[in-house]
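Only one chain is given next, in C-alpha cells, and it is the form predicted on its own.
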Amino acid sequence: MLEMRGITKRFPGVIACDDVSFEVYPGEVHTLLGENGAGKSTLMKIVYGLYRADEGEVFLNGEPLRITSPNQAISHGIGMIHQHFMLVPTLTVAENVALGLKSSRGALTDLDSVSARIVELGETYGLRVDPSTPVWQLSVGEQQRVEIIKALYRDAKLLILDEPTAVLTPQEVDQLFVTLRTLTAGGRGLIFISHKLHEVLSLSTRITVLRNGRVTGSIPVEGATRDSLAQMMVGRAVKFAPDGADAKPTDVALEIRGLRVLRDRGGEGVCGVDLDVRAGEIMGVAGVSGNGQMLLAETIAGLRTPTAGSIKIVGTEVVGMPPKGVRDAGLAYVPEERMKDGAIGDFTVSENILLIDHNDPRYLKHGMFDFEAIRKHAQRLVDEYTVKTPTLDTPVRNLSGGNIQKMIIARELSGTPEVLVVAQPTRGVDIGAAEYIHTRLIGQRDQATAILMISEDLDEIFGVSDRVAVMYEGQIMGIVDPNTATREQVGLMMAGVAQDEALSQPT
C-alpha cells in the first residue's frame, strides 16, 4: 500500500530522518516506535504532506507519490488521527465531519445525509456516536471516535494514528483496538505511533524501531518482547520497574481536607478532596486528563487559591501563602508544562538551576551573585543527575525534553524537600530518561520525602506508586493498592465507577 525508500530529511544542525525505508501492507498495523527525536513524527509528516523529503521516494499502491499538503494526502486516501483532536467544540458531530467538504446541495448544508453516513459508519466499525451532539458534550473517547469517523467519511484507506491512546482509559483503549482490528480486517492499512510497549505488542502486526533518525530494526510482533524493543530503542537493556526496597511510610507530611477549586472557565474543578500523603511513600494520582489533577497540583503549590479547604505541609497551613511561602514550608514542585512553568528557555542551565535559590546566602557575596559558587552548585547537580548539556552556559531551550526534565527535578530536589508534587514526570521523555527519573523518585521516597505523583500513564502509576488515588470529575473515587488492584479496575474508577463496584470486578 505505502512504500517509502531512502527517506532523508534535514533540518539546520540535525538529520531527522537518515535513509529511512518503511512500508505498509493492506490489512496490517505497522507500528513506528522510537524515543523522542528519533524521527517518527517527521517521517509521518512527510507522508501527510506537512514536510517534503530532501531525498528518497514515496509510492502509494505502486505509483510514485509527491504530496505537498494534507488536503492532497486526504484526496489520495491518507488520513491522520492526531494526538490532540482537531475538532470544533461548539459544533455538532455532523458539522465537524462535514467541515471542509462540498455539500451535495451546493451552497446549502446537507447534514441529514452526513448524519446518515455517520450512523452507518458507526454501526459498521463500532464507532457509535450521536451526529447531533455538540462535541463539547462528548467524552474524550467519543471525540476520538469522531476523529476516526472523519477519516473514514473521506474514505481513507491508510490511517496514521499518532499516540491515539494518550488520553483514554484502559476500557476505551480496548474499544479502540477492537475498532482498529475491524478496520484492518476490511483491508485498510494502519500506522500506529506509540511509546506504550504493552499496547504496541497487543495491536501490531509488525514493528519498526527508529533511533537517531535511522531504522534499527523491523520485526514481526511474534518475535518481539518489551525488553527487545526497549533495547532497540535506546541501545541497552532497560529496567521497567525501578529497584528499591518497599516503602516505609511514617507520619503524614501532606494533609488536604475539603479542598475546592474553581476552573478557569467557571465551575468547580476540585470538589471536596481529602487526601493524606505520608513521609516515605509515593502516592500516585491516576485519572484522564482534565479531571482536576492539575488544579490540585497548582493549588498545593500556591499557584491557585481554593474556594474552601485546608492544605497542610508538615503541620503548617499553606492556603493563602504565595508560592515562595509554600516552598519555605517544605514543598518542591515539578509542573506538568516544563517550558511554560518549570524553566525559562532563554536562560542557561546554571541560571535555571539557580531560579529557586537566587536569594540563598550560599550563592551571594556582598549582596551580589557569587558566580563561582553558582557554577559549582550547577555542575554538581548536572553531574549527579546526568543532565546531558554541552556546557552550563547552554540555553535550556537547546536541551532535549528528557534532559530539561532531569534538570528541573535536580533543581527541585536539591533542597531536600519534605513534600514533592510532581506532575507527568516522564511525559514526552524517552525510555532511558524515564527509567532514570523513576529511580530518582524512588530514591527520594527512601529519604523520607512524601511524594504526590500525578500521571496519566498507568504503567508509570503501577510501576512507581505505593498507593494510588483515582480522580474523576474533581473527586477522589478511592485509594487502592497497586499490588492488588488491576489496570482494568483502576480504569473503571477513572471512568466514574465507585471503588467498591470497580474492585468487585474479576481480576
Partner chain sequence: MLFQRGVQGRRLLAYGVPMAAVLFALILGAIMLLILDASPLEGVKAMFEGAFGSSKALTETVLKATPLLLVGVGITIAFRADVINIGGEGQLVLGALFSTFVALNVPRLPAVLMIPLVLLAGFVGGAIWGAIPGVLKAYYDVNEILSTIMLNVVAVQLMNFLLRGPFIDPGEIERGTSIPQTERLTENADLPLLFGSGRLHIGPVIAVIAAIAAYVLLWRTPLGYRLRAVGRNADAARYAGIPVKRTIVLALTLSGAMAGLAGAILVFGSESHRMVTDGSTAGFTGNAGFNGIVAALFGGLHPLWTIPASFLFGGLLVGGNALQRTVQVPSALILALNGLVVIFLVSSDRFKRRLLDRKATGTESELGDDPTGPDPPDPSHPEDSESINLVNRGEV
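Positions refer to the first chain, counted from 1. Just so you know, these numbers come straight off a predicted model, no measurement behind them.
Just so you know, the form predicted together with its partner chain exists too; it's not on screen, but the next bit is about it.
Within 4.5 Å of any heavy atom of its partner chain in the predicted complex lies no heavy atom of residue 239. Using a 4.5 angstroms limit between non-hydrogen atoms, residue 384 is distant from its partner chain in the predicted complex. In the predicted complex, its partner chain lies farther than 4.5 Å from every heavy atom of residue 123. Taking non-hydrogen atoms only, residue 359 approaches its partner chain to within 4.5 angstroms in the predicted complex. Of the listed positions (329, 354, 111, 232), a single one reaches within 4.5 angstroms of its partner chain by any non-hydrogen atom in the predicted complex, namely 354.
Contact with its partner chain in the predicted complex, judged by any heavy atom within 4.5 Å, is made by just one of 364, 308, 262, 252: 364. For its partner chain in the predicted complex, the listed stretch (128-136, 185-193, 330-338, 215-223) containing residues with heavy atoms inside 4.5 Å is 330-338. For the three marked residues, 171, 407 and 487, no heavy atom of any sits within 4.5 Å of its partner chain in the predicted complex. Using a 4.5 Å cut-off on any heavy atom, the residues of 318-349 that reach its partner chain in the predicted complex are, in sequence order, 323, 324, 327, 333, 335, 339, 340, 341, 342, 343, 344, 346, 347, 348. In the predicted complex, the CA atoms of residue 396 and residue 10 sit closer together than in the displayed form, by at least 3 angstroms. In the predicted complex, the Cα positions of residue 396 and residue 50 lie at least 3 Å nearer to each other than in the form displayed.
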